[in-house]
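As structure tokens, one chain now follows by itself in the form predicted alone.
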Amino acid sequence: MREHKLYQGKTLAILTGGGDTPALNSSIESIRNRAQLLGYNVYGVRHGWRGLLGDGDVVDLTNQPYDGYYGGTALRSSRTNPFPSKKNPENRVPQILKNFERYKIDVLVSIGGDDTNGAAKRLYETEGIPVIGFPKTIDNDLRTRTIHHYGNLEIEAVMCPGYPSALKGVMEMTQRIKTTAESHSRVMVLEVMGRDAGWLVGGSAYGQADLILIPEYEMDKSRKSFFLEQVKEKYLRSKNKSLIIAVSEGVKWYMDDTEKTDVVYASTELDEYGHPRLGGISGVIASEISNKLGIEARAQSIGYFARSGECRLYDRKLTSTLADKVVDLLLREDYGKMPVLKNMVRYPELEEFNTDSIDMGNIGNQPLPEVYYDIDEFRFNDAYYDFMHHILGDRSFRDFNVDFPTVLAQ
């Protein structure tokens, strides 16, 4: 009976902040189900931190049907920052505290990245609000301290819900665009999300991309020149006179007109956490390949495709496994923490014994380790293929391998 449960009469609230991922609804459902088993009433805060401002925007998730396979977040999201920022100098923390009392919220689980969970941790430290973080990002750049065992190496990697589904999407998109590149003997430059780290663009390597650029290594004047030489050489040597080049949106590129190396902005307007909107690097690179090398090139942004659509199986089980760890944190009232995957494992080994918890305040950006990328070849190496294999399994490609004989005119 419900009245005999440990936290009967208590209320746990869940919110999602920042960019959406395919694993958010699965995360919400998994946390909700386990909290209910402990006796909590479970509320959903709509539109992230914005849902705790003003009169609040809160819904009841207790004993309600919930589709965790459907991507995105049914609770909606925003990039609202409760603390003062350059864009919004108002301190909205008093509104947050008022709504915690009005809705009688005992514990908050914030699903998000460094910004959303950083704000939650700050509320815990300054106001004593009981919070538990839950990781979320397709960029996969939170410092989760996940260890990838590769040969004799123990590599500090990252594993965040949302990334596995997005990684598979990038792989599939790369595989699909390959036929267009071959049909027109073109260079296709694919732009993939990834502001500060190259984890996600690695999916294009699993999808047969020929060259890949990541934010960790800026393309200054000399490196850009070397890269263009590699493009020309690989294109001329390719069987179908086509190439797939994948580039993270956050890659810094040397601009001839300004003689500066910088990112390309879709908009310089900042959100409430101080981030501008990136976009357009693929078009810049495609234009330079066409103009400087005389090779037909086109730009294609994968964009929101990577973070859209259904929650894939690896993500589905990952969210369930991390939600099991949330139960442990709730039972021990160990607030200010976030569950993480301790060891990089394949799908069958996604179980609670392979998890751990870390401080929510120490989840800043984790760049792609050097051990995963060959800087001179502009490609990911076998160590990263092994990392992705844990998530994506074996690769299988369909190539058009028929080579027709040439007909000579009489």
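Since this is a predicted model, take the numbers as computed values, not measurements. Numbering starts at 1 and follows the sequence shown.
Just so it is clear, the following notes concern the form predicted together with 6-O-phosphono-beta-D-fructofuranose, a form of the same protein that is not shown.
Looking at 132-140, 180-188, 219-227, 116-124, the stretch with residues near 6-O-phosphono-beta-D-fructofuranose in the model of the complex, meaning non-hydrogen atoms within 4.5 angstroms, turns out to be 132-140. None of K292, K98, K252, R195 but one reaches within 4.5 angstroms of 6-O-phosphono-beta-D-fructofuranose in the model of the complex through a heavy atom, and that residue is R195. Between 6-O-phosphono-beta-D-fructofuranose and the residues R145, R79, K87, R92, the one pair within 4.5 Å by heavy atoms in the model of the complex involves R79.
Although 6-O-phosphono-beta-D-fructofuranose is omitted here, in the model of the complex none of H47, R50 and F83 has a heavy atom within 4.5 Å of it. Contact check for K241: no non-hydrogen atom falls within 4.5 Å of 6-O-phosphono-beta-D-fructofuranose in the model of the complex. A residue is said to contact a partner when one of its heavy atoms sits within 4.5 Å of a partner heavy atom; K234 fails this definition for 6-O-phosphono-beta-D-fructofuranose in the model of the complex, lying far away. Not displayed here, 6-O-phosphono-beta-D-fructofuranose is approached by R277 to within 4.5 Å at the level of heavy atoms in the model of the complex. Taking 6-O-phosphono-beta-D-fructofuranose as positioned in the model of the complex, none of the residues of 159-178 brings a heavy atom within 4.5 Å of it.
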